[in-house]
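Next up: a single chain in structure tokens, the form predicted on its own.
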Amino acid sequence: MSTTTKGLKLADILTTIVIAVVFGIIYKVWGPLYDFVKVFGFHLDQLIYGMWFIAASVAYLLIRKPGVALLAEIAASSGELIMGSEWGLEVLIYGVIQGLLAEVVFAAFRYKRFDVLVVSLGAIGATIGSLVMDFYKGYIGALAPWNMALFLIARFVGAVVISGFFAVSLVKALEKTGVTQMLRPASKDDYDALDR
């Protein structure tokens, strides 16, 4: 007699950590790109800020269990910190808050929907978490209203595009290769859910 649990198994945790390590490396590389784009103004850097939320989205889409989005963001931000993030310990705090708010969104859908809309809402949740930290740290409180509007629009759009649409496309591509079969067999319903 086999029993299945909805909780995280060791394989789920390890897979989430591997996903997070990959994105932790990407986050570390993304920092200099973010700084480079900042030079061009118009808050173009905020259009690529959504990359820092993608570990939660990808882990959630692949593992499809409670807690993986939070675990992925914490592990990815820890990896970035260990590799010498230019933002120091702050990245870990951001990772916890961003992962937690993404997780709240996924929980609101009872971990039963895995489509672009839900993942994009998770990215918006993570964005709100990042903005709370930015306000707390005093990074954006002094922006003029027009500049704040541009900043917010760019960050939200970037989050939805990168951690919403791109994350779903990435997972869909991985599933088509069959590389995710050992995590969970993909069914027609899975593919249909990604197309919603």
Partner chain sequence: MKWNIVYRETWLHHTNPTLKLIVLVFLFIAVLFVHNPNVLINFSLALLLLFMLYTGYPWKFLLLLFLPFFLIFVSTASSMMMFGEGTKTWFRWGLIHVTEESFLRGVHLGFRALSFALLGLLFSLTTRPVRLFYSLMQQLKLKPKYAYSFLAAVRLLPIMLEEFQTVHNALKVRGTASHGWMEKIKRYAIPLLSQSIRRAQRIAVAMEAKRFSSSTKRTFYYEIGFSKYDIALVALFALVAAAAYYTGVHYPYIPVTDVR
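Residue numbers count along the first chain shown, from 1. In this text the structure is predicted, and so the values were computed from the model without any measurement.
The next section is about a form of this same protein that is not shown, the form predicted together with the partner chain.
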Site check 51, 109 and 124: each within 4.5 Å of the partner chain in the predicted complex by heavy atom: no
Residue 117: touches the partner chain in the predicted complex, heavy atom cutoff 4.5 angstroms: no
Any non-hydrogen atom of residue 143 within 4.5 angstroms of the partner chain in the predicted complex: yes
Residue contact check: residue 160 to the partner chain in the predicted complex, 4.5 Å heavy atom: no
Proximity of residue 93 to the partner chain in the predicted complex, heavy atoms at 4.5 Å: yes
Heavy atom contacts to the partner chain in the predicted complex at 4.5 Å, residues of 143-177 in sequence order: 143, 144, 145, 146, 147, 170, 173, 174, 177
